[in-house]
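Only one chain is included here, represented as structure tokens and corresponding to the form predicted alone.
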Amino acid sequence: MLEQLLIFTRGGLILWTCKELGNALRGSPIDTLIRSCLLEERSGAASYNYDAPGAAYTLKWTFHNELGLVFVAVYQRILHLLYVDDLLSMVKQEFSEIYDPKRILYNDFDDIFQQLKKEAEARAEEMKKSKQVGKPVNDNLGRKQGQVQSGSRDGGNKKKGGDDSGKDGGDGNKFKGRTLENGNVNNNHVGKGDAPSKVNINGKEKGASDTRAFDVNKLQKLRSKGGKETKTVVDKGSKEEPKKKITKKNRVWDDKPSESKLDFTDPVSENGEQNISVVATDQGDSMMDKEEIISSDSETEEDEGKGNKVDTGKKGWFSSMFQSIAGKANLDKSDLEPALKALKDRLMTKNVAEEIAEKLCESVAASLDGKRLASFTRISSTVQAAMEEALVRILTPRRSIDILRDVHTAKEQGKPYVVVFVGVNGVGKSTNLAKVAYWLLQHKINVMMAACDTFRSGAVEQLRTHARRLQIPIFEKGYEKDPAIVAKEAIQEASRNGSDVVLVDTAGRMQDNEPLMRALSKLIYVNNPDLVLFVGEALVGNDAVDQLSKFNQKLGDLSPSANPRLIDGILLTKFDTIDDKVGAALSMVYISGAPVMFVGCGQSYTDLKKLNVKSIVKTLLK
């Protein structure tokens, strides 16, 4: 049974709901659909499942992009209603005819809806009956097809198999169509009557027998061709050999010492203690506090591109004057397909995960389907503008990511602000934790580190080195201890010594390692940190989707809490090594919904900055 059907504008104004249904929905499925699906550019999906206490709903929707309307149907997931898609399309068609932007109430649509619902239910029942009647017919056809195929395989029964198919009359025609669908007939056109079926079957057998024959002349020709080709390849290679000359410059071979300093290790005293220099005041300002300026080169390139587009638009106007003046009536998916395919390929070359690129293109297609194309506008430019708007919407944080304000709020409440760094092995959690600590020190905030990586050898010593260089306290308990207990004691110690922020370092772990994921889930559950930061490499492509989705899934499944804590933010590392392959940022934000809060772009303490959304979007679409 249908629970509810709503019609509302993209601005959120509800125009009509079915009063006869009037079922009180448990939870807020419509709000969740808008917040987590429609606004997140996931509208290309077929349906959305919503779980509420005591109920499980499935939501389906469609758009009228030209009028800016959204049609949503809600029903119990267990029912599997077959007529919902058909009903939504009929409601969309009928309501668009009576829609008036100045009108708010549509009480007269109730009777129309009841009639449409009955028609949709009747069609669904007819489809069910036709499927049930069609099942035995398909089985018989399958048996006949198997008999004919087995007959065609026998070398001496070719004519017999052809005669049997001819005797079947009407069923024989069905069989011909079926062989075409399954690809058994090798692209031969089959007409009406019985003769073509014999020709196709015999032709197939003849082709099979020809493939068994061994032609010596053909083999000799192929060998001679292959020999000629190899000779030409060798000749070409010998000609191009002198060009591939590699020379090395500024190489010193004598005993003269090199001018550049190669040894950056700290000096060691006679007692074996390292004299670690204090660098907290020597590194300069962190890049987090500097505004990134987008180079004007990209803007000029964009202007040139626009100029070229205008010229091509003019040429198109001369070739199709009326369409350019009036615009295309309505865009459909067949018009959008070429532009979306090119856009998907471009996103994938920028390291966006294939699954994410496909979903984004589906969402853009859903938002443009049925929309009127403006005059003097190309479809490709319209698609690119829609994609740019979608990317900006995805990458822009939906909540405040001002950590300094949150730290001061926690300080007023008399408790330290706790940040937990999580991620897979080798992505740079400890190094970027030190960068965040350096940035906080510049804002006169007392920071303490907690060495909760009690698994990897050398992890505590690495964090201890950063703490001594930055002159900040560190809480450590050595190795083979429970990380959750170490983090809890570190927070208690920070409360006693007046530290404002506790930065918790954790062991790197793969998303499939259940024991380590269980330990991480316990650490987060016991200490309830203010921020859970996922540290990920900007180098990853499709693996970013797997990492983040499984991290969130494991944190939710393994937590004993009814409302488990998931990833709150993302720290992207090694951003200086990827050139224009910035797609990992988009993939991670899309799959998790968490914003990118920091970007690591170097090896010094100052190399930490904010994500420039406009720059990323421009790079993705360039």
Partner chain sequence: MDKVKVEELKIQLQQLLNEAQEFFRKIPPPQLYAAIGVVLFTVLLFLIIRLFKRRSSNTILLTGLSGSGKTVLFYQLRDGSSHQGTVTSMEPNEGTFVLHSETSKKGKMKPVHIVDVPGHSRLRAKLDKFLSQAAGIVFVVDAVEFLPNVRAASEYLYDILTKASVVKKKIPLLILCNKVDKVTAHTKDFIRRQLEKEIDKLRASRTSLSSADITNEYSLGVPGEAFAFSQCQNKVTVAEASGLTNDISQLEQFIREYVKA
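Positions refer to the first chain, counted from 1. All of these numbers come straight from a predicted model, not from anything done at the bench.
Below: the form predicted together with the partner chain, not depicted.
I394 is the sole member of L87, L336, I394, I474 with a non-hydrogen atom lying within 4.5 angstroms of the partner chain in the predicted bound form. Checking I78, A374, L404, M127 against the partner chain in the predicted bound form, a heavy atom within 4.5 Å turns up for just one residue: L404.
With a 4.5 Å cutoff on heavy atoms, L105 counts as touching the partner chain in the predicted bound form.
Interface residue remark: E412 is counted as part of the site for the partner chain in the predicted bound form, having a heavy atom within 4.5 Å. For the chain shown alone, I591 is not a contact residue for the partner chain in the predicted bound form, no non-hydrogen atom being within 4.5 angstroms. Using a 4.5 angstroms threshold between heavy atoms, A46 stays clear of the partner chain in the predicted bound form.
With the partner left out here, the partner chain still marks one of 386-394, 521-529, 357-365, 506-514 in the predicted bound form; by a 4.5 Å heavy atom cut-off that stretch is 386-394. Taken together, K131, K341 and A584 are entirely out of contact with the partner chain in the predicted bound form: none brings a heavy atom within 4.5 Å.
Shown without its partner, the chain has V70 as the single residue in segment 56-93 with a non-hydrogen atom within 4.5 angstroms of the partner chain in the predicted bound form.
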